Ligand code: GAL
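Before any questions on how it binds or moves, here is one chain, the form predicted alone, in structure tokens.
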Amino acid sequence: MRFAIFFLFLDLVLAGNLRMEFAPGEVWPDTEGRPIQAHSAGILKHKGTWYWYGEDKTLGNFNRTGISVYSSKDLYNWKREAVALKKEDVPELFQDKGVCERAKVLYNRRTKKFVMWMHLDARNYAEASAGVAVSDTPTGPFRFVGHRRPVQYDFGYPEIDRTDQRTKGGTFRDMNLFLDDDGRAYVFYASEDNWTMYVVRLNAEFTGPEEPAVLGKTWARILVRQMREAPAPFKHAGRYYLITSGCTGWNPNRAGYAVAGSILGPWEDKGDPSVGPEAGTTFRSQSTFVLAAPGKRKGSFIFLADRWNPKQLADSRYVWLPFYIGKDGRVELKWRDRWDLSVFGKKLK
């Protein structure tokens, strides 16, 4: 295995494709020199390898290809592995001009399955369902299990509701998964037609909500009526953090973050974590994931975001930025044209 990694490294050097730094907002080629197509990224580490899942926008908007997966040993250089979940693997309603987005994957140690959750929708965004798929390997192929809205709760439905939340449950759109230290898994998602964020504990298999669903015990309404999406949860020093964006379509907006002592809340709004030029648009990007910086001191994280290009979605870029949480517990994001993981060995300025 060591020889194989060495020769891969040598091949990348000779081909001029080896990367040793992050360049936010620039084209990010894979090990074959092709732009990475894995938007709305979700990262999973398994047995020393990172896997990056995301939407393949090569053919433009909607679900025309599926969810791709890349692998890496260093976070800089990514090899395209496969289309982990092909468009044909989900119901026809969600193919082609349908939606399959924000895919995230957890590994279930008990079942030894890789479990993928995603937002599935029709073109008019009225279906707003959670899709679930499983695989025996991190690169797939993932087998589609089904789709549903996880929680049915009367929050005061509007009289005219094109999403039919009274019958189907609260809408499920931008989402993320979180695995807690005790092995319990949760899904965060924009619900109530994006007005309120939900956090829901998953069952032992990670394939659905823990049932019966009990408000305040197995799930919670958080950021109520704040109209937030693109949730990126993480944990530090026993506290839970959640970075989100506003709801302005493809246009970037001001990020926000909240902190809680319990994953079900209450959550306290801490304001915008971004500082400096273009902070008001989160550096022209939208949150998708927060990754603990590997091998670095506690409190070291990487913020992952998408810089959408709605006129040419295949050319949407990735914005990865470092941040460190100190004793004050604050999250502060600053722009960097270039950086590498050694930044965490220095004092972030």
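Don't overthink the numbering: it's just position in the shown sequence, from 1. All values derive from a computational prediction rather than experimental measurement.
Keep in mind the form predicted in complex with the named molecule is missing from the figure; the text below concerns it.
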| query | finding |
| --- | --- |
| Which of 249-257, 103-111, 215-223, 126-134 lines the interface with the named molecule in the predicted complex (heavy atom within 4.5 Å) | 249-257 |
| Option touching the named molecule, based on a heavy atom within 4.5 Å in the predicted complex, out of E229, D89, E81, E210 | E229 |
| Q286: touches the named molecule in the predicted complex, heavy atom cutoff 4.5 angstroms | yes |
| Neighbours of the named molecule in the predicted complex among 143-181 [non-hydrogen atom within 4.5 angstroms] | D174 |
